[in-house]
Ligand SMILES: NC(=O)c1ccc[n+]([C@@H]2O[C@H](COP(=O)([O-])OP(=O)(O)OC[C@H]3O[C@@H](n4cnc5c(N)ncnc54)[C@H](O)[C@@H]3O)[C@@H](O)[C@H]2O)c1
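Single chain ahead, written as structure tokens, the form predicted on its own.
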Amino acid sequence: MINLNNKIIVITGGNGFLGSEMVREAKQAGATVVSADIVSKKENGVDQFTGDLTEPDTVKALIDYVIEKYGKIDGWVNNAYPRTDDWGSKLPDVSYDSWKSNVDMHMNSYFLCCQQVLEKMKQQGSGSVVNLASIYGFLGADFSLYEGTSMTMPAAYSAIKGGIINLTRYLTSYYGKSGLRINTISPGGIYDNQPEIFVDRYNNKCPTGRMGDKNEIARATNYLLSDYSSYVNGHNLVVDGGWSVI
């Protein structure tokens, strides 16, 4: 089992679908976990910070809180998934204001968190940041999967996740010699009670024959946070059951 003993880990969006599993797995691996989310939640053994991480002052307050309480930040996971109410709109219906708002809230908040926490980690001389991207950050969407459902792949998602992947490469080039590691994880489709017709199509196309489970993303995150990945830097770890190889 991966060992995160004595590590202070911050997970943004830690009370959401993937985030709650990341928190559980990191805690099980021995980490002290701070779950940072706009939605408050009580959970034994997990420090909670409530706030909107699209706001610069909130990000600074979170970092100051963790440093003051624990003296360091060993790992930071950018997992928060802010989005507008019309997030599921199909391309012709996406307003320009919606596009701008989503890019600003999601990709730009990841930049903001990285910029601030990496400077703190630089002072420590160590630290690992994991950014959540997606296979649709480097692949085109297969829209045939969504036929007959109300689902789609939001246009802004591809731009945001692609930007996060390359931002990670930039940050690695900038901070690597300071002893810091910055990587992305690109999940494939993760099962979350999607319509049966979608799941069947996905399973039939995926070489592994199924959608992923959220704990498989959480365990990959633990790996990148741990010392087992000490020479992994600037990497986009694809966890997709082989979807992207075909």
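So that there is no doubt, residue numbering starts at 1 and follows the sequence shown. The structure presented is a predicted model; accordingly, all values stated were derived computationally and were not measured.
Keep in mind that the form predicted together with this ligand is missing from the display, and what follows is about it.
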*May I ask whether D52, N79 and P82 all come within 4.5 angstroms of this ligand in the predicted complex, judged by heavy atoms?*
yes
*Which of I63, I38, A29, C206 has a heavy atom within 4.5 Å of this ligand in the predicted complex?*
I38
*Pick from Y157, Y146, F138, Y175: which has a non-hydrogen atom within 4.5 Å of this ligand in the predicted complex?*
Y157
*With a 4.5 Å heavy atom cut-off, would you call T168 a contact of this ligand in the predicted complex?*
no
_My question is simply whether G16 lines the interface with this ligand in the predicted complex - judged by any non-hydrogen atom within 4.5 Å._
yes
*Touches this ligand in the predicted complex: M121 (any heavy atom, 4.5 Å)*: no
*Could you tell me if L132 has a non-hydrogen atom within 4.5 Å of this ligand in the predicted complex?*
yes
_Options 68 to 76, 138 to 146, 103 to 111, 121 to 129; stretch whose heavy atom lies within 4.5 Å of this ligand in the predicted complex_ = 103 to 111
*asked:* Under the 4.5 Å heavy atom criterion, name the residues of 159 to 186 that approach this ligand in the predicted complex, in sequence order.
replied: K161
